[in-house]
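Take a look at this single chain in structure tokens; it is the form predicted on its own.
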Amino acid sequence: MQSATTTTVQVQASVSARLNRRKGKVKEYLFGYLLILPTFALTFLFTDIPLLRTMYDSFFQGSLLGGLKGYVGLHNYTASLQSGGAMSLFVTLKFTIGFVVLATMLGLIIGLLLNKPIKGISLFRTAFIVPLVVPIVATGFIWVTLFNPFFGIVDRILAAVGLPRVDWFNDPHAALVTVILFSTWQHFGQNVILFLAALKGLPKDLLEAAEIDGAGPFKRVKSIVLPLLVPSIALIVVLTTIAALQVFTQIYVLTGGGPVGSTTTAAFYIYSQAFTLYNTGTADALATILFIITIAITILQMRVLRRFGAEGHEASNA
């Protein structure tokens, strides 16, 4: 009888302890949700609601001043693609490929170089971060001066080595290249910082073991560093791609979308339709298309790079 009573008390104590632990976890969850609630509310208010409103408005005829006038179905989508929206998406694609490749590769190479314990390395790290903190309008003015076909130093250098001068901002073939170079210079410092942070987190014992086994710098980077960096590369590629798909200020400052639309990206086209021509329905339609493309590309990149990451980890562990 006493043994049964003791067992009952032990069971009740165990159940009580379990309930207390569960209450503690519930309080932790509630506290966590309470912390993220302001950010979630602000994101929903200033990002999600305008996004949903843009998608809704894309099915109506409207103007910047007059509001919505009537349901038009998919007319805004066909009109935006036929009136230059499709070309702007193609320009955005070309810009994105060039920008992402250059900004990612430069960020990785310079990140690897700056990860070395060299005297005065902080000065070099600061130099690559400076373009990030200077306003794009100011740096854009500097680039316009450097690439001026009459007195710019770039064309003077080309002429000094016997190469023909290039009208960087008025030649349809050169204008987009100039914008890509400028955007890369202005942005790749952010990728350098991210790559440096990822390199600092790599296991040093693994790299030291490979060095003791006789692996050179190139082989260590190829067989150990790059496979371990794949998650960071995936994140950087996705962030750089999103920045490329939204490029606007660089276009506005350097070329204004010209010449003959060769640098009119989707974001600049949306701005022109909404705030210059007041075709808000067309702008809403292309903004929706651009959003869907951005989501699709991001998901595809994450899946592809995640697969390469898994294969890379298996190869580095072999």
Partner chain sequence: MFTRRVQSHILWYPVLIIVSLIMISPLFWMVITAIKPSGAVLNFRAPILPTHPEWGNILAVWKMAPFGRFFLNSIIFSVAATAGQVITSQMAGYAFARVDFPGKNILFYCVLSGLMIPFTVVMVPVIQIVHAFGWINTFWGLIIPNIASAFGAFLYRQFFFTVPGALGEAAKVDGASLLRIFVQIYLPLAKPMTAALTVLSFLANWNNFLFPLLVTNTTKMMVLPLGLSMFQNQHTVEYNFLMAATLIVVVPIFIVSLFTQRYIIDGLSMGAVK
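Positions refer to the first chain, counted from 1. So that the term is clear: the rigid core is the largest set of C-alpha atoms that superpose within 1.5 Å between two forms. All values derive from a computational prediction rather than experimental measurement.
Keep in mind that the form predicted in complex with the partner chain is missing from the display, and what follows is about it.
Contact with the partner chain in the predicted bound form, defined as any heavy atom within 4.5 Å, is confined among 182-190, 222-230, 89-97, 71-79 to 182-190.
With the partner omitted from this view, the residue of L146, A174, V101, A209 that lies near the partner chain in the predicted bound form is L146 [heavy atom within 4.5 Å]. Though the partner is left out of this view, L239 does reach within 4.5 Å of the partner chain in the predicted bound form, counting heavy atoms only. Taking the partner from elsewhere, G162 is found to have every heavy atom lying beyond 4.5 Å of the partner chain in the predicted bound form. Interface residue remark: Q61 is not counted as part of the site for the partner chain in the predicted bound form, having no heavy atom within 4.5 Å.
Put simply, S83 is far from the partner chain in the predicted bound form: not one heavy atom of it is within 4.5 Å. Within 4.5 angstroms of the partner chain in the predicted bound form, the stretch 122-143 places a non-hydrogen atom from each of S122, F124, R125, T126, A127, F128, I129, V130, P131, L132, V133, V134, P135, V137, A138, F141, I142, W143, taken in sequence order. Here F40 counts as shifted, since its C-alpha moves by at least 2 Å between the shown form and the other one after the core is aligned. Superposition on the rigid core between the shown form and the other one places the CA atom of V260 less than 2 Å from its counterpart.
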